[in-house]
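First, one chain by itself: the form predicted alone, in structure tokens.
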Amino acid sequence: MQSLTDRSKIASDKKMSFLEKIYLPAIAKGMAITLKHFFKKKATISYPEQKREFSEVYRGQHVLKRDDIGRERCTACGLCAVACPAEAITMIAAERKPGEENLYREEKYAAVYEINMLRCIFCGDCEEACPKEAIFLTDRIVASQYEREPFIYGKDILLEPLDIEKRIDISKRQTESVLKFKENKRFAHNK
């Protein structure tokens, strides 16, 4: 039978020479490789003092965005929860009451919005599914903990602050075509 690949090798019963039996050349080659790496630049950094730069499209901690006026963008449509392959997002919708027009953008809003960060795989499907551009993944690292409970992030952690100077810039996460689309104010989505 003929083999399908050329990767198979025929084993030989060749006798080892004296140098091969005492392994000195193999040890010398291994030490040479070790010495060569000993003088190379180290790949590690001192983390608290030095920080590596992340890619512009790095997916880290989630943020629930506000519009220009400061109202919550999320309308609790549930598309992010449906798109999440890890089923990490849960929400409870509520109706906006009279007088809350400055808090919520639409008649419906998310009264409870939670992300289980232990389940999240940071795929970005939630931000792609959101029709209101309410949820984004930022360049922030999710802090580590020893308990499980702090990893369930609610609106108190996810919602960005009202102060415009403290808001998170997500323009690097958007492609040129999306930014060009957002410039056109005749679409209802951009109002």
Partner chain sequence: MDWTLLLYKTIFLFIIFLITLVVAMYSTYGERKVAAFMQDRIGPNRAGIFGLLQPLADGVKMFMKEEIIPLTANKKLFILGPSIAMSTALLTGVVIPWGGMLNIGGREFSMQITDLNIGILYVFAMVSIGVYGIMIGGWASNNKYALLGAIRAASQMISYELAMGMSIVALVLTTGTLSLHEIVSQQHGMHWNVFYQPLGFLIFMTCAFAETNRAPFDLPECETELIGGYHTEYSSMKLGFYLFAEYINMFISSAVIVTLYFGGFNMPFIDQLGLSPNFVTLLGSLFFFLKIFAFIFLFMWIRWTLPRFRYDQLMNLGWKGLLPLAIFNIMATGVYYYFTELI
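Residue numbers count along the first chain shown, from 1. Computed from a predicted model, the values in this text were never measured in an experiment.
Absent from the display: the form predicted together with the partner chain. The rest refers to it.
Residue Gly30 is the only one of Gly30, Gly60, Pro150, Gly154 with a heavy atom lying within 4.5 Å of the partner chain in the model of the complex. Residue-level contacts in the model of the complex: of Glu165, Glu53, Glu49, Asp68, one residue has a heavy atom within 4.5 Å of the partner chain, and it is Glu49.
When contacts are defined as a non-hydrogen atom within 4.5 Å, none of Ser177, Lys180 and Lys182 contacts the partner chain in the model of the complex. Residues of just one listed stretch (39-47, 141-149, 60-68, 121-129) have heavy atoms within 4.5 Å of the partner chain in the model of the complex: 39-47. Looking at Leu19, you'd find every heavy atom of it more than 4.5 angstroms from the partner chain in the model of the complex.
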